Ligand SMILES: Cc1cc2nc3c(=O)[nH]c(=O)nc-3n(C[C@H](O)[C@H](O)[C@H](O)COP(=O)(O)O)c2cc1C
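In structure tokens, the next block holds one chain alone, the form predicted alone.
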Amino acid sequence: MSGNLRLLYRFNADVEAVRRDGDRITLDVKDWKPIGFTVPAPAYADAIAALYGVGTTFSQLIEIAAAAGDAAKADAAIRYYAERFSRGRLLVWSLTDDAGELARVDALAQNYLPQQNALPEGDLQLCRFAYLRRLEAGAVLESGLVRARVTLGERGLTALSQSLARGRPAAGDEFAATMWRLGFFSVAGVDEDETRRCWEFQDLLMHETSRHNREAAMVGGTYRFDGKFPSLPAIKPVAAGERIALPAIDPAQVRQASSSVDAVSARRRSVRSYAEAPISLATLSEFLWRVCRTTAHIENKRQDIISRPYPAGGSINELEFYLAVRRCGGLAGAVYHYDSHGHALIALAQTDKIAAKIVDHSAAAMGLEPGAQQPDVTVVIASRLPRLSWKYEGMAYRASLMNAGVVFELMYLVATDMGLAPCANGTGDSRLLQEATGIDPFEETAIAEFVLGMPGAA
């Protein structure tokens, strides 16, 4: 850095003009009606006009407004106007020194402003929720805690790296102090409160970025890839392997034998003890038919969709189902893909050891004791995420997890109704399914596991 570091406040590019008629200010904002208001003194109008163009520091804005004769009122006025402009995300900030700009700061949500409080004592360091990545605009610093983005130039990256090497005293490092004011640095050695400590980096990041918490980020059904490349088909190509027809299901018999939803919900439990006898192929067939068969295929102009027994966002139904079979009457131990459109299983060649590893992971996830009877089958739920992200922006993975949660509930209800031993897993190893299928994980990846077996003695 070349000294004299400054954080300049200015209007963003959407403010196309600032017109002044005495104490009357009018902002011409792109795609908005003109914003007109009257200020109490000409000096306040001077300060607001200083936000147009290169901009100026917060303290200089107060100095300009203080020409009206009352410094305390000027301070309050500048804070008031800054807060009002922040509601419309009309402000941006430039971090500059004598050699030029190091970084630009853009608000991603309403009401974002840098802190103006006194600097804390102690060393400052990068907040654990902050991260650096590259976008088309360049290297950007973001955080799940901060609803703003810092775009760093080469000198800004150099300054950031120097502050990352070790904690920097707030009073002795202007760059670190500015990053604290922006929200990206925290005080080293200060314990977080108990509730914040419970949030992990990835949890807060997905929470913030996949909801409408940041108006500048698109979230929802934008169809951003429409016209650029086609969506993956709803019915994926059948995997290579032996096709095993599943026993036919009689819907009338299923309805006659089923309990009420209320009764099944009351009995629903996670069961982690298993019988000596394995699950039968007929039982597995009924479970899959009731949970995840395809009931309709609709070829839309934009994106073809399918229906299944459970609700799914946009009826896109990006989920695929695989069975890691340890034992099942009529099936060899292996990984199978469930063809939900033809109600059949496709055996994936040479996957018996992978299937055993997947079931082992399920047993560990459930906390089964070594030597305990393991579940018969792990149902691996995989997401063809590009089908969702072709339509949904900023929320595709979140939506896929929610869809998997809906499937979990249906699996519990159906398994309970059938007298099976069901249990959802909290985690699994996605690499095992990738090894079994050979599919690029960016195209399809495992996101959830659910185990089945016959219940053991209570």
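When you see a residue number, it is the position in the sequence shown, counting from 1. These numbers were taken from a predicted model, which means no experiment stands behind them.
Same protein, other form: the form predicted together with the named molecule, not shown, and the subject of what follows.
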Open item on the list: Given a 4.5 Å cut-off on heavy atoms, tell me which of 79-87, 233-241, 365-373, 184-192 is the interface stretch with the named molecule in the predicted complex.
Closed with: 365-373
Task: Candidate from C423, A50, L420, M411 lying within 4.5 Å of the named molecule in the predicted complex - any heavy atom - done: C423
TODO: Name the single residue among N111, Q350, T158, S270 that comes within 4.5 Å of the named molecule in the predicted complex, judging by heavy atoms.
DONE: S270
